[in-house]
Each structure stands twice: as structure tokens, then as C-alpha cells.
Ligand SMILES: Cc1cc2nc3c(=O)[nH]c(=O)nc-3n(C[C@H](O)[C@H](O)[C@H](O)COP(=O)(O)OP(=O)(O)OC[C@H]3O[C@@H](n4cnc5c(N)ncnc54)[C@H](O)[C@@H]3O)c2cc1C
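Below sits a lone chain in C-alpha cells, taken as the form predicted on its own.
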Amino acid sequence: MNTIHIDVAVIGAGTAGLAAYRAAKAAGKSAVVIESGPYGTTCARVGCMPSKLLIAAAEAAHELRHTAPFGVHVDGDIRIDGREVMDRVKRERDRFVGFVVRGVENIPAEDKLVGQARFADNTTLQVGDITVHASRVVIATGSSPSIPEPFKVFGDRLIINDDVFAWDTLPRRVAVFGPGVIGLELGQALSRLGVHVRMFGHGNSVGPLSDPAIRDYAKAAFQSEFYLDPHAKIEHMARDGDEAVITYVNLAGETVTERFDYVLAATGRRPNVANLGLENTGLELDARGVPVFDATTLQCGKSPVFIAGDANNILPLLHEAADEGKTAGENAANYPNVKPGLRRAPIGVVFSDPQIAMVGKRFADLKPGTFVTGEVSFEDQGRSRVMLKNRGLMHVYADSETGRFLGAEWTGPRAENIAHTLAWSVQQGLSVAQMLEMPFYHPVVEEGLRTALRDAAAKLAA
């Protein structure tokens, strides 16, 4: 049996794991990264990049169908070749994965282990026939889709987002469970590419939105394009041959039965910690079996174990995983002298149409009576109407006492760009008055943001 002695062992070679490894090495420590699956991050393989490739194809099809209001007429049918769509998705996806894999290949061979790591105690790991004695450990094992037990009745007709990007062509009919970020992005894209889509949710949630007015606007916008019931009543689910059969009460109150080629479960994700042997450690575990940790330092209790990225499920976003990996790697290298790592202003974007964005504090995070809300509708906003992208509603939140900008939730055009401006404003601690002193060009969509800020300023002055 082989034995390795190392300063820092990193479990997982995704975004967080690679950042942790590099941070530990930069601090002058010996380190090894352990990976049980193929190299390449979740984002590159089955997440943000391939989904945006599918969305880009869907947007191209959608724009071609909606040129007439500009006086531009496309004669004849719009033909969507599912095989060509998926071929480009997979080719470009593999290109992005290749960049990540090449980065891993540049890591010295002696710093890489392939296999499932299991804890024998707090700092001893077993990887196949190799025993790793580490002074510190970083858990960066990512997360996986969580599938409710009743859905397993569909057998191989049940898929997760990973499976979508393995398709050779597009199916005819797909049921989507979960109108969250993944469900909305993939469901709308498939619908625009000619797939018959039914989307079901529970609790009336739409994406990550917590502001009731913005959520209701987004719901209506999506329902105008494809079937979405965010509070669905499912009466029966079954598998019949190569079809999934779902009986549900539709939005009109009628009981209907439909057949689908696939059922996409976009019902949340769970940290990949089940097979790590955490029961062999002295770490305190929460109800999910995840080590209890400090959100600022990522340290698990007072131990030399740290957890970063999607495995801790604080903010499952690539830039957050990279930051957390760096924090965990630096603190592991400097243990027991740990310190809080970088926490940027929260920013999240859903690449639907209209887009959804959230920056800073959400509506649900705010205490009633302590803030004012500025509002703008994009329906009559100049540049949005010019582009016929005039669907959207924005709420910005400001502290009632200080006027400081707290955050925003909205759905609307070019939200991905506006979100960065607002995240920078949160991080700089700007007030609404200071933001209104900044330049706004004309005519741009950002003028809608100025309208919302002016509305907030008027309420602060009242």
C-alpha cells in the first residue's frame, strides 16, 4: 500500500478545488488534488456554458419568428435542425471543457490523484490503495441534481440537465419540473426550439425571485410564451413504454393527461458529500450530512478541514466557487491562523427572456419598514421599445434612514449588464443620491434604472 504525506489535500478538481490547490501552492505548501470523475468543471461540462449555447440557438430561432413588427418579413417556414443544434452545443461545450482540462494537465503529475477519496479520520484519506496523510483537507466536491423519489417511476425517461447536453437531436415533448434557474433557462430554450414544453412548480416560485410583484410579472411573461404552472397539482405519474405519462390539473382547472418523451427534473441540487466517509471524522454534520462550517473562513468547526464551492451550497455560482476555493486554500495553508476571505456583493442572473437578476439584498432579506422601493416598468422605456424588448419590471431597495442602495430584483432586457453596475454600487456602499450623480447615456436601457432610482429618491425625500 502506498502512502503520501502532504500539507494540503484538496478533494475535487472543479472550480473551487482548483482554486484551493493553486492558493495552497502559492502559499508555499505541498498539495495534492483528488478527483473521482472526469476533469472539467460543472460550468463547462453541463452547466453555464452548454446551457448558454442552447439558449443562443433558441434566441436565433425566436428572433427570426418575430421580425414582422419591424417591417421585416421572413418568408417561408423557419426550419430547426435538432441534430445541427445539438452538434454545435456539444462541439463548443467540448472546446470550453478542453480549456479547463489543459489547465489541469499543467498540474504536476505527482500533485494529482484519481479516485474516490474517503476519510479515515479528520486528516487521513483513502484513495483506492493509496493512503494520504494530510495536515489539512479542503472539501470541494461540488453538487449533483436532487431527484425526488416519486419521479423515479419514469425510469430512463427521467433526465437531469447533464443529460440534455448528451442528446444527439431534440425530442418532441418534454415536461420540466422546477421553474428555478435551470428549469427556466432550459425549458424556455427548448420551447423556442420547437419542443412541446410543460413546466410544473410548487409554492408559486419563479426563478430565484422573492419580491412578489416581480415574481408575478415574470410568471405572466413566461406564461405568455409557454405553459408554466408554478403551483401545479399533479394527480398521477407513470411510465408507459418509451413515454412518460403525467395527469395534472391545468391552469383552467381541467384534469388532463399528457405524454412526454422526457421528464427533466430541475428540482434543486445537493452537496456531493455522501461517499466521503465523513462519519469517520470528528466533524459535526448538519441535517444534510454536510460539515458545519464558518461561512466567512470556510473552516469546519475548529478542525483543519475546510469546505468550498457548491459542496457547501452557500451561493452555487462559478465566481463564488472560485473565491471560496481561494479562501479555503489560503486558510488551509495558514492553519491554524485563518481569516475571513473575500465576499463580493451578491449577484445572480437567469438567462431567460426577459432575463431575471438579483443584486445585493433580496426583498426577502429586508425588514419591513426599514427601506423604500423604487420602481420602473420597461414596457414604455425608450430603448427597450425601440428594440421590442420592452417586457420587464424592476424594484430597487434603499435604506430609509441613510439612503444607501441595498439591492434590487427585476426581470427585463439586458439585466445581465445592469446587474454588474448595481453589484459594483452595492460593493462600493453607494447611496441612491450618489448613483444618480453617475452618467447615464441616451438612449440606453440603463435609463430605466435611473427612473427606478429617481423613484426611490423621491420616496426617501418624502
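When you see a residue number, it is the position in the sequence shown, counting from 1. Since the structure is predicted, the reported quantities are computational estimates derived from the model, not experimental observations.
The form predicted in complex with this ligand exists for this protein as well; it is not shown, and the discussion that follows is about that form.
If the cut-off is 4.5 angstroms on heavy atoms, which of these, Arg414, His62, Arg404, Lys52, is the one near this ligand in the model of the complex?
Of Arg414, His62, Arg404, Lys52, the residue with a heavy atom within 4.5 Å of this ligand in the model of the complex is Lys52.
What is the one choice in Leu264, Ile214, Met199, Ile182 with a heavy atom within 4.5 Å of this ligand in the model of the complex?
Contact residue from the list: Ile182.
Segment that reaches this ligand in the model of the complex - one of 83-91, 112-120, 245-253, 187-195, heavy atoms within 4.5 Å:
Careful reading of the contacts points to 112-120.
Flag this candidate site as yes only if Ala31, Ser303 and Glu330 all have a heavy atom within 4.5 Å of this ligand in the model of the complex; otherwise mark no.
No: none of Ala31, Ser303 and Glu330 comes within 4.5 Å of this ligand in the model of the complex.
Is Gly429 part of the interface with this ligand in the model of the complex - any heavy atom within 4.5 Å?
Looking in the model of the complex, residue contacts with this ligand do not include Gly429, since no heavy atom lies within 4.5 Å.
Mark Ala140 yes when one of its heavy atoms lies within 4.5 Å of a heavy atom of this ligand in the model of the complex, and no otherwise.
It does: once this ligand is placed as it appears in the model of the complex, Ala140 has a heavy atom within 4.5 Å of it.
Any chance Ala13 has a heavy atom within 4.5 Å of this ligand in the model of the complex?
Yes.
Consider Arg269 of the chain shown here, and say whether it contacts this ligand in the model of the complex, taking contact as heavy atoms within 4.5 Å.
Close contact exists here: in the model of the complex, Arg269 approaches this ligand to within 4.5 Å, heavy atoms only.
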